[in-house]
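Below sits a lone chain in structure tokens, taken as the form predicted on its own.
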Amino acid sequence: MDYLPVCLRLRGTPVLLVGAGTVATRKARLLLRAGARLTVVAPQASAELQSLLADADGEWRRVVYSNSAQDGQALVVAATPDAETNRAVYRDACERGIPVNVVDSPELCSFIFPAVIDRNPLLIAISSSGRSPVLARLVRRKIETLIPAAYGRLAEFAGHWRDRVRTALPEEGARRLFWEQAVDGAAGELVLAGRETEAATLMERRLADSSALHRGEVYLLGAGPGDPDLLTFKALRLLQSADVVLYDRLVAPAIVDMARRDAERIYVGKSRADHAVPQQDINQKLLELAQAGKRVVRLKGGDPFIFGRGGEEIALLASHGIPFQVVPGITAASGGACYAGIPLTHRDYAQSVRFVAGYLKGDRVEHDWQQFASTTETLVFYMGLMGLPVICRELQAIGRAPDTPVALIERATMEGQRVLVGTLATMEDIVAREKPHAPTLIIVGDVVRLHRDLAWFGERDG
């Protein structure tokens, strides 16, 4: 290890910055954000740097660097274009025993600036030991995508509760378990969602009730229409924390595989003719697992609250006081339409969009069909493959033109996606010939005309 990672408390600390160009301005911005009392030595300074110093009550000395500039300083940074000046700053600082950094010169540094992920008070630093700052920044960008911006708020919240938890739970093992469940559980998720008051109430309840330490949680996650890349960061984070994962047939196997390797997986899929697990049994299973102290994820295709019966599942949990969260997902209409190059709304074609359940009840698709008469509204039918003949017939019966464009999207956003395009008059014959399989989505409206020009995913027209 070439360097020892440390975090310096600079609030109110005198720091010298030699140089006042673009690079120096970047360093000044970072030092001032850490609360340093900054002095800049340079004959000229950028307008931005002058503004930063004025806002932070810093000092600009319009002189050429000399050894005396380091008097009273606790930290020194050099960022000038003159190599001799930079070497002099380094030499003088070493003689005084002051930590020094010469930008872009690792050999003239007793400390270096890492790439920083700032979720204050949570900080993550990445360093290449001066070998490749660009690589360090690349790694920082990758890590930043995994660390929600609200983690700083979570760290503040934990700090506020630290003494109270230590008093209530003097035994280290119990305290560690409490914090693991709080930070990585329901209370932590509430804070990340900006609901600190509710999180505080939950903390109070769990500190007062030791049995709450062993109470589980449930997360209803929208898995999106199929493509694993459409899963949200939050959904992925919760999925990877689950003890048990319940998933249905609309969830892509690649998404289920993102769960922890040791997580139990339970298939609860339903199709039109085969309800592997009745809905009431799924609701009860979620409750029982949570009551057993498990962290449970319910993965649902698309969005849990759009034809996903998510409301029914959380109602039972709420009535028994089980902590839960619902994480939205990209619904099939949005994902499928985008991948097929079909804008659901468009200035020239449609000013609104309606999501409609298209499944049969007996031999009927039960709707007030007259409300679908507008030609400036896009209709998206979910679960409508079996009911397609009824849908096409009823829409024509209320006055929609037989040549109204229709698209059927099979396996939306997934490998093997197929788009069949026809009209209200021809779509039934196209489906009979092409024999698509569920899951499918049916889009009706003039926006379908844009499909040929805007599609970028694999498709096939009928």
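Note that the coordinates shown come from a computational prediction; the quantities given were computed from them, not determined experimentally. We number the residues from 1 along the sequence you see.
FYI, the form predicted together with a small molecule isn't displayed, but the following is about it.
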- Message: Can you work out whether Asp303 and the small molecule are in contact in the predicted complex, taking contact to mean some heavy atom pair no more than 4.5 Å apart?
- Response: yes
- Is Tyr90 close enough to touch the small molecule in the predicted complex, meaning at least one heavy atom pair within 4.5 Å? no
- Message: Residue-level contact is defined here as any heavy atom of the residue lying within 4.5 Å of the small molecule in the predicted complex; does Leu379 satisfy this criterion?
- Response: no
- Should Thr331 be classed as touching the small molecule in the predicted complex when contacts are defined as heavy atoms within 4.5 Å? yes
- Quick one: of Leu250, Val326, Val268, Cys338, which gets a non-hydrogen atom within 4.5 angstroms of the small molecule in the predicted complex? Leu250
- Message: Give me the residue from Trp161, Phe178, Phe307, Phe372 that has a heavy atom within 4.5 Å of the small molecule in the predicted complex.
- Response: Phe307
- Query: Picking from 389-397, 411-419, 33-41, 57-65, which part of the chain touches the small molecule in the predicted complex when contact means heavy atoms within 4.5 Å?
  - Reply: 411-419
